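Below sits a lone chain in structure tokens, taken as the form predicted alone.
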Amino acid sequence: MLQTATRAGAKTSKKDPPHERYLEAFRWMLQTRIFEEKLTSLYRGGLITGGVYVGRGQEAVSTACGLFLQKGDVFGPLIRDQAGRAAAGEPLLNVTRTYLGSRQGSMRGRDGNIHRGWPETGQLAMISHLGSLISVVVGKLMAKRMKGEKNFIGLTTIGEGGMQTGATHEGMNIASVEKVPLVLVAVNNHFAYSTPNDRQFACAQLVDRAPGYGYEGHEVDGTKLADCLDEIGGAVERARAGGPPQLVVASLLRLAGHGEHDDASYVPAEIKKESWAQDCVPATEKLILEKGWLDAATLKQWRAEISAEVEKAVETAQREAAPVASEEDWCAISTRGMVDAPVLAGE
């Protein structure tokens, strides 16, 4: 697991980064980019069963989603939120084990790699039926309130395509009615698989929906790390302080296909020229160097350290055994205690 990034020994200017956690956030972005490039290589080499869905271009938004969470919060990440999961504390080995089917992973090698969760830390398993996770997060928040818990929030993400589902409407509505501390980060990557925005919704901007649901709405350029940290961090702070549910809409371009099986040939060339279509990782690195917040040698060292951690995690997971179907205990982890408990006659 990466340690919090510091600027110790790094060349800096008199002007500090625009957000106190800027460099820490960038390191999570960098780790995710290097890790997902490795996953892509493993997938193309036939070493990963199932699909691989990377968050290329979404790392700044995703990192900001995980970075401000505290113990006791609820996090509902989706398939492109590896950066957010990492920033929220998921160890690199944990996710690597899941992708490579190790029985020692949190999913015990029994589920597809994208549905993993880490419930004991508040990270919920992703639900493929988009929008459904919003209601689950809301339910968790209501349960925590009923138990008398304090100072918690829930954060989950959705794509602009998932914003059009009935489950999203139901989840957003009940969150506002019940006044739970929810932050919903909607990533408008302009294509729901291959369906462009103008075939998904007719309102001018998705954030225009916020007042109708009783939410506070905010927009952000998803390629600008400082803006993502300010807007999402601010939304988390307002929700934690008792404000209404928060909707943050981030605009960016998905810089890969829907999955590694998709070449994204449906994306028009002119869209790739938009300011919100730039790659947030090299753009952030370029800014860091220009401002002197880190020097080139330090960034090179970071890449080497992260690459070594990724290789170590992969090597470890590859050595570990996969589950044997005929010997596996197929009982869900959460119900094992119920199965083992004695049942009295007549009950």
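Quick note: we count residues from 1 along the sequence shown, nothing fancier. Bear in mind the structure is a predicted one, so any value in this text is a computation, not a measurement.
One more form of this protein exists, namely the form predicted in complex with another copy of the chain; it is left out here, but the text below deals with it.
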* To do: Spot the stretch among 83-91, 229-237, 272-280, 158-166 with residues whose non-hydrogen atoms come within 4.5 Å of another copy of the chain in the predicted complex.
  => 158-166
* Hey, in the predicted complex, does Gly212 get a heavy atom within 4.5 angstroms of another copy of the chain? -> yes
* To do: Report yes if any heavy atom of Arg199 sits within 4.5 Å of a heavy atom of another copy of the chain in the predicted complex; otherwise report no.
  => yes
* Partner proximity in the predicted complex: Ala241 to another copy of the chain, non-hydrogen atom cutoff 4.5 Å -> no
* Asked: So in the predicted complex, are Val177, Cys203 and Asp208 all sitting within 4.5 Å of another copy of the chain, heavy atoms only?
  -> yes
